[in-house]
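In the form predicted alone, a lone chain appears below as structure tokens.
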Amino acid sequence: MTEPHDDEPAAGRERTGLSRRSLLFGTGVGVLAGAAVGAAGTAAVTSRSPDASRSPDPSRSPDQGAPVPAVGEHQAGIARPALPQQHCLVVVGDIDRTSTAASLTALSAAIRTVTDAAAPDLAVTPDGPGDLTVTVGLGARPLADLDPTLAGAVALPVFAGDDDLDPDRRGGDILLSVNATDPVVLEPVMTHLQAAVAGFRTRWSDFGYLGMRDGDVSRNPFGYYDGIIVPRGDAELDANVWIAEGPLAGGTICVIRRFRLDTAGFGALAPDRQDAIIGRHRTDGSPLSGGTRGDDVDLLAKTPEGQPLIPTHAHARAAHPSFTGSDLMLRRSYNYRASADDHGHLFISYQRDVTTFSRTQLRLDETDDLMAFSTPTATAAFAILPGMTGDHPLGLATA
């Protein structure tokens, strides 16, 4: 439940263009040059219904949002579209790592197919894809296979509560995140994508949703506005989110942590105590130190008696970059409800360096009162690969 930081981004750094892309595979010394897709994978990404050329009937299509291009320097579903869609389906799994190259090629073709608004695959999205996006990340093991220098790019320390997690709830080979305004498209699209990945085995998955949006924020299960301070605009995204150079240039690092929340226990507290734990007013999201919702907290502001207006163990103080030395994180988090006893928050952040998150979470474990109401139930980090450009599939960037 980390509050993003309000650092000033580095100025004047130019966006790094990618001259060409290829996928390194095996031990990191090979270069993919049109990897072949197996028969099963080909069928998975090319099959369409007999009337696939028929356009969806707009009279029966829901409000699905505007189409989002899948091709670009960066993958969709991170900063494109600018505002997160209302629903997501996240799956963390393992793969046949001897077929990573072919799987990523097949997966890239599948993504192009299911997001094609001009010629939708009606067997998968009978009303068209709407604002569907697909985001793909690789975990530590396949990353190390592709390029040994990337082994530490997604390394997370053990945070409080992680030792109690089932092994399947820690790490994973691949992240597939499918997001859309229309929740009905998520399951068939995810099934279609998984069929393109050799040896896919699900570790865990969740359906996520957002509450009513007020501007560019919505409320989390505790009832507070979430993701108030995030990087906005190309300059801040370049400074804080996108990796500028190396094999992952154009990509980013995704941290996903699943928290079961004690909303009943938190809700039983007096409203003033709830605000003190968060560091902001529940009603309008403004900091306890004054200002409006979009303002950063003032950690030096004090009461006439000399007490800090942002309490010592408030979430907003614990996560502040003046203590962690971290950059901004782009938050694309969702709420979830798996059962009456298991509901909470899918924390999802994107940053150019995994330590941006890990430094913050370590401090939250030490000083944040909100963590008493948050139990981690899954944790992982993934390298979000550079986007598809031209005919190149998802893969690693090369000079």
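Residues carry their position along the shown sequence, with the first being 1. Only a predicted model underlies this, so the values are computations on that prediction, with no experimental measurement involved.
The next section is about a form of this same protein that is not shown, the form predicted in complex with protoporphyrin IX containing FE.
Heavy atoms of no residue among 136, 153 and 242 are located within 4.5 Å of protoporphyrin IX containing FE in the predicted bound form. 321 is the sole member of 126, 211, 161, 321 with a non-hydrogen atom within 4.5 Å of protoporphyrin IX containing FE in the predicted bound form.
Only one of 114, 185, 297, 253 comes within 4.5 Å of protoporphyrin IX containing FE in the predicted bound form through a heavy atom, and that residue is 297. The chain is drawn here without protoporphyrin IX containing FE; in the predicted bound form, the stretch among 139-147, 174-182, 197-205, 311-319 whose residues come within 4.5 Å of it by any heavy atom is 311-319. Mapping the unseen interface onto this chain, residue 226 counts among the residues with a heavy atom inside 4.5 Å of protoporphyrin IX containing FE in the predicted bound form. Although the partner is absent from this view, residue 352 stays clear of protoporphyrin IX containing FE in the predicted bound form, with no non-hydrogen atom inside 4.5 angstroms. Heavy atoms of residue 345 reach within 4.5 Å of protoporphyrin IX containing FE in the predicted bound form, making it an interface residue. Taking the partner from elsewhere, residue 280 is found to have a heavy atom lying within 4.5 Å of protoporphyrin IX containing FE in the predicted bound form. For the partner-free chain shown, 357, 360, 361, 364 of 354-369 come within 4.5 angstroms of protoporphyrin IX containing FE in the predicted bound form, judged by any non-hydrogen atom.
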